[in-house]
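The data below hold one chain only, encoded as structure tokens and taken in the form predicted alone.
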Amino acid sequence: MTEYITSEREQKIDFVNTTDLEEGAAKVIPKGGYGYIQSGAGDLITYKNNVKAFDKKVIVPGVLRDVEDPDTSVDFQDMHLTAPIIMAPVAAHGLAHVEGEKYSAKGVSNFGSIFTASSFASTTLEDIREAGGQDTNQWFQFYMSKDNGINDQIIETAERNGSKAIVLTADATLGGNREADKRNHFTFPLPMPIVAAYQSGVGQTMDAVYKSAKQKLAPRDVEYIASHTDIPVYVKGVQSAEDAYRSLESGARGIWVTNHGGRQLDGGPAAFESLETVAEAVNGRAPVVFDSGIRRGQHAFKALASGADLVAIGRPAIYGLALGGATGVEQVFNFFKDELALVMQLAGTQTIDDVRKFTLRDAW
């Protein structure tokens, strides 16, 4: 296997928007790794619609609202966050930077938010925890093994390393039709130490990685995790009211609305198109997290106004990691915070609670 050589940068980066980040990262991340991170499934219809869907709602500016210096901070459960913007789980940050999740976790912790570590991370949970620092807020995203003995060990590792939530990804029981990976003949060049008991990662296609994990997921799996830990369980991949009900009835204490960044079922709904329906079904019984397509502060605003308690970013943070290491990741989070604050000011909203009460208008 050809040696995989990627970024060692740790520096401030110069960018205006997330398109700049994407274009810059393409010059730094090796072709196969960049194709895996950047692209989506099939004809990229759902991938592209994730961003376009936000245009179906508009934010009517608010004037004479007595607003100045909007406050983006939020108290979520036992955590105080700089903004309701967290790190989504992304596999193998080592594809973008030699320090991988260690620098991502450090950047998110320095910003003051939640880092969600993937089962398919290229770094151990112990190292991720250490990199985040003493007071870091970290969640663990779980791809279950077909062997419950291994699942128990992984849950115990997450507990031991201070994970404050276990996020069961339910929408990736096999890999989507990722044509960029096929064209690039991409296989993972890095190990996956968290799931080493059932998956090495090295030399595997993404589809092979997914197939090594449990594919036949059911409500009993949520019940199993919930019965083996006191850590709240979130179900990730929910896009319908029915699946929200099913998840909550099975013991989930959080719902994550996403279509995996357009990387799984092409031709499905944009994630934002599903958010309001799912949030109405949850009806305040559990937190709702949202990701897929967040590229602007206005997107975060619209998601929060449509029922999300937290929004998560993935690709932009990884691009920031490649271009600037931990410093770059922190900059990307500040970019979203600053744009969110700007939108809040112009919309006449002083706090995140005001944003959540804001009524968006249909664009057409």
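All residue numbers are counted from 1 along the displayed sequence. Everything quoted here is computed from the prediction, not taken from an experiment.
Beyond the structure shown, there is the form predicted together with a further copy of the same chain, which is absent from this document and is the topic of what follows.
Visitor: Within 4.5 Å, heavy atoms only, one stretch in 71-79, 122-130, 153-161, 266-274 touches a further copy of the same chain in the predicted bound form. Which?
Guide: Contact criterion met by 266-274 only.
Visitor: Only one of G176, G261, G201, G94 comes within 4.5 Å of a further copy of the same chain in the predicted bound form by heavy atoms, so just point that one out.
Guide: Contact with a further copy of the same chain in the predicted bound form is made by G176 alone.
Visitor: So which of A279, V222, A165, L190 gets a non-hydrogen atom within 4.5 Å of a further copy of the same chain in the predicted bound form?
Guide: Exactly one listed residue reaches within 4.5 Å, namely V222.
Visitor: Heavy atoms within 4.5 Å of a further copy of the same chain in the predicted bound form: does V235 have any?
Guide: Flag for V235 set to yes.
Visitor: Spell out, yes or no, whether the shortest heavy atom distance between S292 and a further copy of the same chain in the predicted bound form is within 4.5 Å.
Guide: It does not: once a further copy of the same chain is placed as it appears in the predicted bound form, S292 has no heavy atom within 4.5 Å of it.
Visitor: Would you please decide whether D353 lies within 4.5 angstroms of a further copy of the same chain in the predicted bound form, comparing each non-hydrogen atom pair?
Guide: No.
Visitor: Mark Q215 yes when one of its heavy atoms lies within 4.5 Å of a heavy atom of a further copy of the same chain in the predicted bound form, and no otherwise.
Guide: Heavy-atom contact with a further copy of the same chain at 4.5 Å: present for Q215.
Visitor: Could you pull out the residues of 41-69 that have any heavy atom within 4.5 Å of a further copy of the same chain in the predicted bound form?
Guide: In sequence order, G42, D43, I45, A53, D55, K56, K57, V58, I59, V60, P61, G62, V63, L64, R65, D66, V67, E68, D69 come within 4.5 Å of the partner.
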